[in-house]
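One chain comes next, on its own, written out as structure tokens in the form predicted alone.
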């Protein structure tokens, strides 16, 4: 092994000095040219966003108005099929119901868990670690774990037999309940974190003030705690409702073909039916739902800011 010589050390030092000089010259050049600095800081991320998000989304919208792959003629038939076909209307309705049910379950369970950690536990670090622990495991692995629990003669059936709740259970795989529990299990940790953050950032003096004014625990919760953590609740709802509405892996593995959701139909149109225009139309509908949810969140957030400003004036 060769040992470094004084010449090599001086050469390396010269290279580092020249590198620092070049870097300083570049920074000086950007300091004197605000437009060039703006182009680098904003232009590159904007170009990446345009290339990998806006252009594919625009192509999807454009493709959804064709009756075949371009250069086919333009049509509204794909959207009319969605609103006039009972099968797709039932799929949209089932997806909406599952989204509402999953979101409600996650909000109730996640908020209760976050409230317990924030108010009653002294081992919050350990509990937070346990909450995010499922994210360390692959999504598909977690789904197959649920399959082993929900299947006939699985862990759930064994618990029902042991506790005497059922003598011959047949599992809940490929049912609405399995999909609902699977989606709730997947998104519960994601919603618990914003709930916990909003609860820990709340001023405890407000709760004490409500108690001093004679409010009971339930009245204090609904008049002080819940309104003060409203933004965290809205954030949790957004984090759960949007991916649930477009989910297709969980309903495919736990619900099969009997629990068809709109995400499964989109995946089928692109990979098996090869009807890309109709799949694009369904994707546009899902994207419209996402935009609608975000607009609702912005509206509630904006009204909250206005309320706070009016209270301080």
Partner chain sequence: MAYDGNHASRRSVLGAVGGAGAAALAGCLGGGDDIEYVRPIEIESFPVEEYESEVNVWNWYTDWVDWHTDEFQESYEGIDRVYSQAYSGPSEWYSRLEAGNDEIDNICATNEWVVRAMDNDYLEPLPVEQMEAWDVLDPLAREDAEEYYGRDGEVYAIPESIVMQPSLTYNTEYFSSPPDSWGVLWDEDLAGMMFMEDWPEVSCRIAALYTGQDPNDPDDFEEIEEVLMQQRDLNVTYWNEFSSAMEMFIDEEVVVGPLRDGRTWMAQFLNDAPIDYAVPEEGMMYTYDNFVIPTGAPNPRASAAWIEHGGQIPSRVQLFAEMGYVPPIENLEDELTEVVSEEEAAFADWLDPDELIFVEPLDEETLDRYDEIWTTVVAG
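Since this is a predicted model, take the numbers as computed values, not measurements. Positions refer to the first chain, counted from 1.
Beyond the structure shown, there is the form predicted together with the partner chain, which is absent from this document and is the topic of what follows.
- Site residues 87, 152 and 256 are all in contact with the partner chain in the predicted complex, judged by any heavy atom within 4.5 Å.
- Residue 113 falls outside the set of residues with a heavy atom inside 4.5 Å of the partner chain in the predicted complex.
- Using a 4.5 angstroms threshold between heavy atoms, residue 65 stays clear of the partner chain in the predicted complex.
- When contacts are judged by a 4.5 Å heavy atom cut-off, residue 141 counts as touching the partner chain in the predicted complex.
- Though the partner is left out of this view, residue 79 does not reach within 4.5 Å of the partner chain in the predicted complex, counting heavy atoms only.
- With the partner omitted here, the residue from 42, 51, 26, 249 that has a non-hydrogen atom within 4.5 angstroms of the partner chain in the predicted complex is 249.
- None of 73, 148, 125, 201 but one reaches within 4.5 angstroms of the partner chain in the predicted complex through a heavy atom, and that residue is 148.
- With the partner left out here, the partner chain still marks one of 27-35, 269-277, 283-291, 51-59 in the predicted complex; by a 4.5 Å heavy atom cut-off that stretch is 269-277.
- Counting a residue when any of its non-hydrogen atoms is within 4.5 Å of the partner chain in the predicted complex, there are no hits in 21-41.
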